[in-house]
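Given as structure tokens, the chain that follows is alone and in the form predicted alone.
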């Protein structure tokens, strides 16, 4: 059994058109999955069903052997957290310390243990010196790291990033990407919903969604060689891969193609 199993999942906002339509996905523990697709393809809806914010019309979501439902939602939410697009929408506390503590308070973590975890995870995301700061005074990247600390403090081992870099400046974006790499190396399961093909290249596998369906789900290097998948889904390949795929498939250009692929897939 895979760590995350999604079977025959469908969801509709209006009971007429399915935003998610018969989704079947297996994700292994510790994988980094990138989810690509144009606006309206169902990416964010999939994320919200995974964390129990939306109830599927049909189908099952099983995480670590536990099937998501009313009786198990509390247990599932301890295993999975989500970092949203707009960092300002994530804060509920007056200070950084309050915000990291929020999830643990809901889990009734003893106060002494909670304080230890606040310090531990704030240090882990390089925010220990900001615990008494107001969230409004932080940069976008710092806010995202605080959100991650709150998820880690709840002992979650799956983190969904729902367009989490799209509103960040280039420096904050790169800072967050580097930290996500660290989380992946630590064994966390990463699901990154993104429009950025270059971010998707960092993943182990890429899920392409189109009109609420799974259009493709393959290893990153394999799917990036399939230009038809991207053109059919209104997605653009990175320039290096576009060039590599355009070269004639003979030995004369093999070294150039290999160098372009090596450059594009460098993590």
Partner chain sequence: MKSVIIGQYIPGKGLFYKLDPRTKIIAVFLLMVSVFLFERIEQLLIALGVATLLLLVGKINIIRVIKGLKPIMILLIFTFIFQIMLNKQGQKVVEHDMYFTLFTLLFLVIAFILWRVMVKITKFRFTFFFLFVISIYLTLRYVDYGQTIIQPFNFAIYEDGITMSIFVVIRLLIIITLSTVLTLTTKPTDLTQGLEKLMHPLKKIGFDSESFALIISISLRYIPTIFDEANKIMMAQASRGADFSEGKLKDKLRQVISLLVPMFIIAFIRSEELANAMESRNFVPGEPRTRIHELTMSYRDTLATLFSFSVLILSIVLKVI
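Quantities reported herein were computed from a predicted structural model and do not represent experimental measurements. Numbering follows the first chain given and starts at 1.
What comes next is about the form predicted together with the partner chain, which is not displayed.
From the list 127, 197, 118, 188, which entry has a heavy atom within 4.5 Å of the partner chain in the predicted bound form?
-> If I apply the 4.5 Å criterion carefully, the residue I get is 118.
For this session: Would you kindly say which of 57, 38, 48, 213 lies with a heavy atom within 4.5 Å of the partner chain in the predicted bound form?
Result: The residue from 57, 38, 48, 213 that makes the contact is 48.
Q.
So in the predicted bound form, is the partner chain close enough to residue 90 to count as touching (4.5 Å, heavy atoms)?
A. Residue-level check for residue 90: yes, a contact with the partner chain.
* Asked: Does residue 141 reach the partner chain in the predicted bound form, with heavy atoms at most 4.5 Å apart?
  -> Contact check for residue 141: no, nothing within 4.5 Å of the partner chain in the predicted bound form.
Taking the shortest heavy atom distance, is residue 74 within 4.5 Å of the partner chain in the predicted bound form?
-> Answer yes; at least one heavy atom of residue 74 falls within 4.5 Å of the partner chain in the predicted bound form.
- Message: Given that the partner chain is not shown alongside this chain, does residue 109 nevertheless sit within 4.5 Å of it in the predicted bound form, heavy atom to heavy atom?
- Response: Output for residue 109 is yes: heavy atoms within 4.5 Å of the partner chain.
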